[in-house]
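In structure tokens, the next block holds one chain alone, the form predicted on its own.
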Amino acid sequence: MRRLDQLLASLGYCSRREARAWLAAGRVTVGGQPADDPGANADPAAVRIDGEPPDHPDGLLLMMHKPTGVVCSHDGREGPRVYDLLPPRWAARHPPVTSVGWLDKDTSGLLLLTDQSRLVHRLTSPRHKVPKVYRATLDRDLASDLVARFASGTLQLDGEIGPCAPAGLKIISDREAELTLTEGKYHQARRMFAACGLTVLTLHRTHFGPLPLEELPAGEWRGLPLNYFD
């Protein structure tokens, strides 16, 4: 059960102050009857807003195919944002929708977004070692000994105190590789290849844990059950 004004505000429909006007205009019903008390408690399943059920009242978990050229920052001054690809009302949700980790502007692929802070922590904490898989194209041919070097747990990044955790590297072709990481250092995939004298030309995340991106088109998203990663 939730207060109607809190429900409307938390899902981004209006502020708690504006909720009274929404109810007075007949835009909210509970159990098929017009609601008139913004402080009344109601089961979100029985609520209709403009004739529609509330939008993800229990929380959001989304997978997006992030295109290149957009940023994961909430700051619009940094350029087009992944949040601009979502319904505008979601920008006012509380808790706010945020990305689970980051993909940089020039990296495409699978990005998770959620308003569940515990889920963000669980999926990004190094302690849980959730694997992320990337497909990279490089500017030079890949030497076969890189597989062992990436797996050794001794590869040192410039500016880092300790080495990277062991990473899986699979050479797909002369200049294409699949990289599996279980940690999330800043620009880690690009910096690991740079430490070996290689420049990443394109980088695309294909999996997050057990979740594959598959055929989701660039710029589009779809919802996941909140317990998907349980």
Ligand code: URA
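Remember, it's a predicted structure, so these values are computed and weren't measured experimentally. One-based numbering along the sequence shown.
One more form of this protein exists, namely the form predicted in complex with uracil (URA); it is left out here, but the text below deals with it.
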Taking L103, T107 and Q188 as the candidate spot, are all three within 4.5 angstroms of uracil (URA) in the predicted complex by heavy atoms?
-> yes
Proximity to uracil (URA) in the predicted complex, single hit among V30, L203, L169, C164 (heavy atom within 4.5 Å) = L203
Within a 4.5 Å heavy atom cut-off, is F150 in contact with uracil (URA) in the predicted complex?
-> no
Among 169-177, 30-38, 189-197, 53-61, the region lying within 4.5 Å of uracil (URA) in the predicted complex by heavy atom distance | 189-197
